[in-house]
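Given next, in structure tokens, is a single chain: the form predicted on its own.
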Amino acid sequence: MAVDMSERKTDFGPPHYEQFLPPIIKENYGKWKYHEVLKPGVMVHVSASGARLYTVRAGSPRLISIDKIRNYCDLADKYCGGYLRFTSRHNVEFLLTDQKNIDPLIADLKALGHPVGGIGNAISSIVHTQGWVHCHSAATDASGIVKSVMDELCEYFTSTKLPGKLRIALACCLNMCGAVHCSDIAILGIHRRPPQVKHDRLRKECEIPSVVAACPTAAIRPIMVDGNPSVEILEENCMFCANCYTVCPSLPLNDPLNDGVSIWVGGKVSNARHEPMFSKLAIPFIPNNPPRWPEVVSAVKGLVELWAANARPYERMGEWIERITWPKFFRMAGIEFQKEHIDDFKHAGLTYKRSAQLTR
């Protein structure tokens, strides 16, 4: 006997997604024939029944106010029956059935300060982590850098003049809550010094066995300091992950002088043309320079325009680099090879199988 999942009642877990789908999607589920991009930020899905679903994608910050959400809802009520969705890269998409509403919706979005784009051969919004606004282990800001970079690259969001799609991500520390390990260009905050040990506070605030156990590389061990229990950190083993600070506020990791940003390139999740790829280090360190991070913005823009000027149609950044070779990419980008570029981690890299593609 078939069970209607939308009617099932439980006391745990989320409600079934079907009850939130627009009627046109429910009616044409499994019947879509094709989709195409009509213009920057606008696409249409066409069903075998002849039904058409139009999508208008607008750039949106990751952190938004209740007032902004209400603005989105008002536009959705006005133009598309109240239906919208947020993408995994923080765009907001309005789902329309009436093509006449597209241009008025775009005009209202621009009046609110939200550009329309990010579909097809374009940069989508930057997926990013919390940064200084919330996270205790951040080595850099997230929202500030993302805003500064996208202000400079907005023309590549609102047009489709790039060779292919480009995905940029930011993680504010190497725990990488963002998708920096598999993005075309990744901005990664890095710490360069181990946590400071506040011996006078540690024994009052922290459980030393928990602190020792929190370290994934066994860099922390208990010692006695002036007759009181404390810990020491073996710098050569520390990977700057901030796990210890998570369980013990007497081990702060943030350091304005030594914290900063690194730039990684060449990752992707797509299986098209080439199996998924991990990002690789390009620029080892750029110092934090808030509020606009001009050095980071310049570096990212330079990489985007270098790829745009030399890649073949639909060629992702990592595919382009593999074609021309990494040494040539470093020369073209003006990046000096440094010791940080040497990958000496023994248990990863190319030995991991990263896709379902099989070769004989």
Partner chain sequence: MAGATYKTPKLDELEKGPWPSFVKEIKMAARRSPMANDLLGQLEKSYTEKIGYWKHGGIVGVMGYGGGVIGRYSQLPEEFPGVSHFHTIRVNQPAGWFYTSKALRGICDMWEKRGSGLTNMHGSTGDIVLLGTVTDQLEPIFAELTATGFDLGGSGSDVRTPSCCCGKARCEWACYDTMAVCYDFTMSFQDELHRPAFPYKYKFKFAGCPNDCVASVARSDMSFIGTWRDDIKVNAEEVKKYVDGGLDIINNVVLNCPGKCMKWDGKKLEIDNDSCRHCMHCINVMPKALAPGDDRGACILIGSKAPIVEGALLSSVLIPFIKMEPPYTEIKEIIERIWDLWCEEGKARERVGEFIQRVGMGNFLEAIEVEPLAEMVAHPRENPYVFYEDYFEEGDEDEDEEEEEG
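Here the structure is a predicted model, which is why all the values come from computation and not from measurement. Rigid core here is just the name for the largest C-alpha set that superposes within 1.5 Å across the two forms. Positions refer to the first chain, counted from 1.
Another form, the form predicted in complex with the partner chain, is not on view; read the next lines as being about it.
Tell me, yes or no, whether residue 216 is in contact with the partner chain in the model of the complex, where a contact means a heavy atom of each within 4.5 Å.
Residue-level check for residue 216: yes, a contact with the partner chain.
Proximity of residue 328 to the partner chain in the model of the complex, heavy atoms at 4.5 Å
Although the partner chain is absent here, residue 328 would stay clear of it in the model of the complex, with no heavy atoms inside 4.5 Å.
Contact label in the model of the complex: residue 108 to the partner chain, heavy atom within 4.5 Å:
Close contact is absent here: in the model of the complex, residue 108 is far from the partner chain, nothing within 4.5 Å, heavy atoms only.
Would you please decide whether residue 292 lies within 4.5 angstroms of the partner chain in the model of the complex, comparing each non-hydrogen atom pair?
So residue 292 counts as contacting the partner chain.
Just one of 160, 230, 175, 97 has a heavy atom within 4.5 angstroms of the partner chain in the model of the complex, so which one?
Partner contact (heavy atom, 4.5 Å) among the options: 175.
Is the partner chain in the model of the complex close enough to 34, 61 and 271 that every residue in that trio has a heavy atom within 4.5 angstroms of it?
Affirmative, all three are within 4.5 Å.
Neighbours of the partner chain in the model of the complex among 83-107 [non-hydrogen atom within 4.5 angstroms]
Heavy-atom contacts within 4.5 Å come from 83, 84, 85, 86, 87, 88, 90, 93, 95.
Determine, after fitting the two forms on their core, whether residue 215 shows a C-alpha shift of 2 Å or more between the shown form and the other one.
Residue 215 C-alpha, core-superposed: shift of 2 Å or more.
Superposing on the rigid core, do we see a C-alpha displacement of 2 Å or more at residue 249 between the shown form and the other one?
Residue 249: C-alpha displaced by 2 Å or more between the shown form and the other one.
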